[in-house]
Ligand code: HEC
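Coming up is one lone chain in structure tokens, specifically the form predicted on its own.
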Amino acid sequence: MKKIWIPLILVTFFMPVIAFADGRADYRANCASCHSAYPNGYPDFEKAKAMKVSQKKLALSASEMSRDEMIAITEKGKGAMPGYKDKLAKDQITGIVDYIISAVKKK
């Protein structure tokens, strides 16, 4: 009986941590080059200027968008931001958005 409970307990407690880690890894691989290494950080001024986008617009910590809006923009793109619907799976996009939201709330 113990053999069944141990894996169940491990999955229950560590799945959220794994999902969070994947969101962070996907953020760093796909978003950090424009938005900054950490979602609650401020993007590089020179990079924003080169992209012809305001630094504040790239700062995720300044965003007032809802989770659904963030997911939609990440999927479809908007302005200078490309869409990632064809590059990332839906669960990767939601993982990134959830990571951003949780990181910004900790600020």
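Nothing here was measured: the structure is a model prediction, and the numbers come from that model. We number the residues from 1 along the sequence you see.
One more form of this protein, predicted together with the ligand, exists but is not displayed; see below.
**Q** Answer yes if any heavy atom of residue 80 is within 4.5 Å of a heavy atom of the ligand in the predicted bound form; otherwise answer no.
**A** Residue-level check for residue 80: yes, a contact with the ligand.
**Q** Any of the heavy atoms of residue 55 lying within 4.5 Å of the ligand in the predicted bound form?
**A** No, residue 55 is distant from the partner.
**Q** Even though the ligand is not shown here, does residue 63 get within 4.5 Å of it in the predicted bound form, heavy atoms only?
**A** Result yes; residue 63 sits at the interface with the ligand in the predicted bound form.
**Q** Classify residue 88 as contacting or not contacting the ligand in the predicted bound form by the rule of any non-hydrogen atom within 4.5 angstroms, answering yes or no.
**A** Contact with the ligand, yes.
**Q** Pick out the residues of 85 to 100 whose heavy atoms come within 4.5 Å of the ligand in the predicted bound form.
**A** Counting only heavy atoms within 4.5 Å of the ligand in the predicted bound form, the contacting residues of 85 to 100 are 88, 96, 100.
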